[in-house]
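Given as structure tokens, the chain that follows is alone and in the form predicted on its own.
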């Protein structure tokens, strides 16, 4: 069975990896640019299970299990230092308590921290302005470039053909099937087509006459000079400030500071948002006063490929029998990539996802109005 995967980001490569692991030998991955050039290499490299929907919690729990399974097999670098969700207001802390009860239903061991416990987890936090926090010990981070390269090398070893700088311009249909993909470098025929090209998935699938509700929303993380190890959690989130300012420290010591800010959808990647610096830095300096002394050296712009309900779109694309999608991750594609690979492989080979709850996330849900709610949309 000839399979064409469109998109050589972390999701596309994991889909290819799982298909080959299940015995397929003719798998090709194409990308309009170089592998990882989109959202994959423009993210914080963090992961968590502390979401607010059963779909996200179940799938992320499985995805983290898969990341850890593959840690030794593929020599991935992964650390679980936890997420610290900071509540400035007592009423937010009460909401966190309900969320912890929800997580415990799925075996996710989040917990509420008192101010003394917050200080133990992160001594540098200014507890004078907070009411407490929620801690997710299963959460963590990874050096995404290193791990992505290791996955890329592995899929190449397994015989996957990865073709960069090959933009898909049209999906060609014949009846109820997609017969070929027209690209900037010629036509590619296949038996199965998977579109995992982040926000570009919308435009690619539109050429087959199907609407996919994905919008590219810009994000503007700032990067500091490298410093000695300073913060303990993988990610610290200021939940009560609009846009949820958050920060992490990389393997090499730089802090990455970010906040969701209103912006123009699909703004060019070279757009400048210098005005974002005070919006991002001010609330984080209130929580972590040492940030007033750090030096920002650069920033990048990337997209969250957002769906209306902030969940990914998985599985078959009607009315076609051999077209599948894995896109619209709303900022969570990297952390979901291992489970994405297994889900799409099982849909193709078995006709259904190996985890039942993933069936709630097909494209069909938008047609019938069965959207899934998610409140915690950050790194």
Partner chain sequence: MGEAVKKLDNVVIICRCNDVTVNDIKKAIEMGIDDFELLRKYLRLGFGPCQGRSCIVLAARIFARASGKKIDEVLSNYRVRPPIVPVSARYFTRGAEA
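Keep in mind it's a predicted model, so treat the numbers as computed, not measured. Numbering follows the first chain given and starts at 1.
Not on display, but discussed next: the form predicted in complex with its partner chain.
Undergrad: Verify the contact flag for residue 102: yes if a non-hydrogen atom of it lies within 4.5 Å of a non-hydrogen atom of its partner chain in the predicted bound form, no if not.
TA: Because no heavy atom of residue 102 falls inside 4.5 Å of its partner chain in the predicted bound form, the answer is no.
Undergrad: Can you tell me if residue 292 lies within 4.5 angstroms of its partner chain in the predicted bound form, counting non-hydrogen atoms only?
TA: Heavy-atom contact with its partner chain at 4.5 Å: present for residue 292.
Undergrad: Flag residue 229 as yes or no: does it have a non-hydrogen atom within 4.5 angstroms of any non-hydrogen atom of its partner chain in the predicted bound form?
TA: Output for residue 229 is no: heavy atoms all beyond 4.5 Å of its partner chain.
Undergrad: Since only the chain is shown here, I'm wondering whether residue 156 would be in contact with its partner chain in the predicted bound form (any heavy atom pair within 4.5 Å).
TA: It does: once its partner chain is placed as it appears in the predicted bound form, residue 156 has a heavy atom within 4.5 Å of it.
Undergrad: Since the partner isn't included here, can you check whether its partner chain sits close to all of 41, 152 and 297 in the predicted bound form (heavy atom within 4.5 Å for each)?
TA: Spot residues vs its partner chain: full contact, yes.
Undergrad: Note which of 215, 281, 121, 267 lies within 4.5 Å of its partner chain in the predicted bound form, where distance is taken over heavy atoms; exactly one does.
TA: By the 4.5 Å heavy-atom cutoff, the listed residue in contact is 281.
Undergrad: Considering non-hydrogen atoms and a 4.5 Å limit, which listed residue (262, 272, 116, 189) is close to its partner chain in the predicted bound form?
TA: Only one option qualifies, and that one is 272.
Undergrad: Name the stretch, out of 348-356, 50-58, 325-333, 32-40, where some heavy atom lies within 4.5 Å of its partner chain in the predicted bound form.
TA: In short, 32-40.
Undergrad: Could you run down 217-236 and flag each residue that has a heavy atom within 4.5 Å of its partner chain in the predicted bound form?
TA: Result: 225 alone.
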